[in-house]
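Just the one chain here, laid out as structure tokens, in the form predicted on its own.
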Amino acid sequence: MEMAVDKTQFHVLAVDDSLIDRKLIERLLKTSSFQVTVVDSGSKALEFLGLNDDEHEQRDSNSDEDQDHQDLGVNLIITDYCMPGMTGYDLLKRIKKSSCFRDIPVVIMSSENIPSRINRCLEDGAEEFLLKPVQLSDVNKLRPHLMKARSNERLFDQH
């Protein structure tokens, strides 16, 4: 029975420097039956994904990357915008530059409703921009992005 659940369960990487916000998003995601990994910075997210080794130089052979992606099974990344060091926007750009992870949906969260920031994130590849505090209704908006990403993954696997 658990095996069947694991195949349909989505894995979300949640990134936020605020402990309270991390706990809240983790609880909301788990309530919605997501598997959750939480980290407290953009650099730790990159480390978790295996992108911390200056992935500015794209590898020619991405078979190793594809294998790592399969092992991690991250289906969506949700990140705070405003974090020390690397912002959520910087993290978004790094993920979208990666040949392996660019198709993973990225959602940005922020307590600041700044239209130019929201538009820039959406134009550069974010699937959603959620205003904090994130609520269960916001988490429910994530599922269509996950389903779309999973169906794209299956199409890619068939080719």
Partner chain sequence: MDLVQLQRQLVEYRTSLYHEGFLDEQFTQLQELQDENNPDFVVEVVSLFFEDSERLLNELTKALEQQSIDFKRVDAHVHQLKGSSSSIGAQRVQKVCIAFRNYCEEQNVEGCLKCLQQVRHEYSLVKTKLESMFQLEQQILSAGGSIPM
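All of these numbers come straight from a predicted model, not from anything done at the bench. Numbering follows the first chain given and starts at 1.
Below: the form predicted in complex with the partner chain, not depicted.
Visitor: Only one of these stretches, 88-96, 118-126, 42-50, 105-113, has heavy atoms within 4.5 Å of the partner chain in the predicted complex; which one is it?
Guide: It is the stretch 105-113.
Visitor: To verify the annotation, which of these, Lys23, Arg150, Arg143, His11, has a non-hydrogen atom within 4.5 Å of the partner chain in the predicted complex?
Guide: Result of the distance check: Lys23.
Visitor: So in the predicted complex, is the partner chain close enough to Cys82 to count as touching (4.5 Å, heavy atoms)?
Guide: Cys82: contacts the partner chain in the predicted complex.
Visitor: Thr31 near the partner chain in the predicted complex, any heavy atom under 4.5 Å?
Guide: Yes.
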